[in-house]
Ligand SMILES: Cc1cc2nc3c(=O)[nH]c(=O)nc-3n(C[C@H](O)[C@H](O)[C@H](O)COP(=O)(O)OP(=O)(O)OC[C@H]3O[C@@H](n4cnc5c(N)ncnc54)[C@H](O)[C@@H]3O)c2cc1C
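Next up is one chain by itself, shown in structure tokens, the form predicted on its own.
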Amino acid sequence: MSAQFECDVLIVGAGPTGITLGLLLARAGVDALVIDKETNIYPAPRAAHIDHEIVRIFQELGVADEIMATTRSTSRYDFLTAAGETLLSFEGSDRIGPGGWPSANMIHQPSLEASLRNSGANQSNFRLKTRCAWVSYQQHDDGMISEVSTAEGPATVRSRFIVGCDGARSPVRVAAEIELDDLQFDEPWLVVDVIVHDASRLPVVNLQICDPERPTTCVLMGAGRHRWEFMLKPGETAEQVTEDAFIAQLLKPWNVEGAVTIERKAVYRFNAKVAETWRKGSILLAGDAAHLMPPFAGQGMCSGIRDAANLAWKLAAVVHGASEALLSTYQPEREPLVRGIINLAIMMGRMVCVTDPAAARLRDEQMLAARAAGTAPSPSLANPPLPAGCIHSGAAAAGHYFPQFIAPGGAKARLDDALGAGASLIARPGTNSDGFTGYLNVRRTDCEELAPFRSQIVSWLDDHSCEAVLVRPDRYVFGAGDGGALLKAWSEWVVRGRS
């Protein structure tokens, strides 16, 4: 007889997206089971970057400081011609972003994943089962029954929901017969990760070299590591370009012989695809199962973790009694933002991947002239407001990202630590919230917990001409305005369930 497991939410895939989703659900009182077919964390680096919003999510999980201790920062991300002239530059990567942490942080993914998994060891309601491959599912009136293959033999898992966080080939997505929208970007690149022995001989900013002879990426990674990526030419094979002698020739212009040791070499195809639906009944998709993007904007893993933050509080609300209609806001909120960042990454990639010398020369001339004239485009990696979904439409700041204020004076106290997990109504003294029990914290601006941030919060309320702001658990603004009206609207969504 096969083993049987039960949980509220079965999460397939224990990468950063799946683990983050499981931890957030567990902290919200949801019984979450995360399964993965592998025994251990994938040991080689993959993702290179997390931004301030992602570190803020890790702050909620209690691992931000530990993860940040292994990161590196840089001030710029430059796109250069073959001759070293600047075509495009993203400035201020090391400045504090609205999430209360440095804007751009270069990571070592295995270390990051280890911190996340370790944080789950003492988290009630959180279970991680490795060497457990998801096989199939059946829909029943009382829930979902998944067939899984474990080291001990076949087993079943009964759950209310299944979330596929199982990567680009996603067995969950395939089983649910969800198609992908192919955005027509497909380029093969060689990725070379190195251990650094002499950092003084390596660049200190992130670089895209727009050289038609060989488009090249050179970026910092987590502490003690660096990465190069080289676009393959027509006719080159993975076997050819991963030979040590071939890589040595590629690295020769960088003059790093003796300063680095190769840790990993692999050929990847950079794609851009989006699942046509991210929810099919009780099946949901997140991370690479839902979307794939080229790496030029550094937002692949970040987008998956944003999915987890958006989905976690909604699943928790539904498990605790809200209408499943709340889950219908997941894709409308996330997909436009994901498509926006994919379009930016494709734009960057197509600018970098020009291999025709005449076209590259024209590109360089036009972009250098625009830069000299001060008319060069300045694309932003900041997320735009949520266009629709679980927001109080028409209210001030609805759908905008709420900043995490930092206490002045070097104390390093951050607002979220005072607010706590979950949604928060932050209101001026005298705002009426009597009798409200809608799964949120109510904080007056004159309360002791908010004292270090009072002037910044009051300034934000003044700027938006409102008495209160209701901030969702994922730190996006539900709305700002009259406190009572916000609470009533929130209750329609989260307590009774808006249909």
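Note that residue numbering follows the sequence shown and begins at 1. So that the term is clear: the rigid core is the largest set of C-alpha atoms that superpose within 1.5 Å between two forms. The model shown is predicted, which means the values in this text are computed figures rather than measured ones.
One more form of this protein, predicted in complex with the ligand, exists but is not displayed; see below.
Contact check for A480: every heavy atom lies farther than 4.5 Å from the ligand in the predicted bound form. At the 4.5 Å threshold, heavy atoms of H49 reach the ligand in the predicted bound form. L284 falls outside the set of residues with a heavy atom inside 4.5 Å of the ligand in the predicted bound form. Remark: R227 counts among the residues lining the ligand in the predicted bound form, judged by a heavy atom distance of 4.5 Å or less.
Contact with the ligand in the predicted bound form, defined as a heavy atom within 4.5 Å, is made by all three of G18, A133 and D288.
Of the residues L10, L23, L487, A14, just one reaches the ligand in the predicted bound form with a heavy atom at 4.5 Å or closer; this is A14. Checking G349, G399, P171, G222 against the ligand in the predicted bound form, a heavy atom within 4.5 Å turns up for just one residue: P171. The partner is not drawn, yet in the predicted bound form one stretch among 59 to 67, 28 to 36, 441 to 449, 456 to 464 has residues with heavy atoms inside 4.5 Å of the ligand: 28 to 36. Shown here without the ligand, the chain has Y268, F270 in 265 to 280 lying with a heavy atom within 4.5 Å of that partner in the predicted bound form.
The two forms, fitted on the rigid core, differ between the shown form and the other one by less than 2 Å at the CA of P452. Once the rigid core is overlaid between the shown form and the other one, P45 counts among the residues whose Cα shifts by 2 Å or more.
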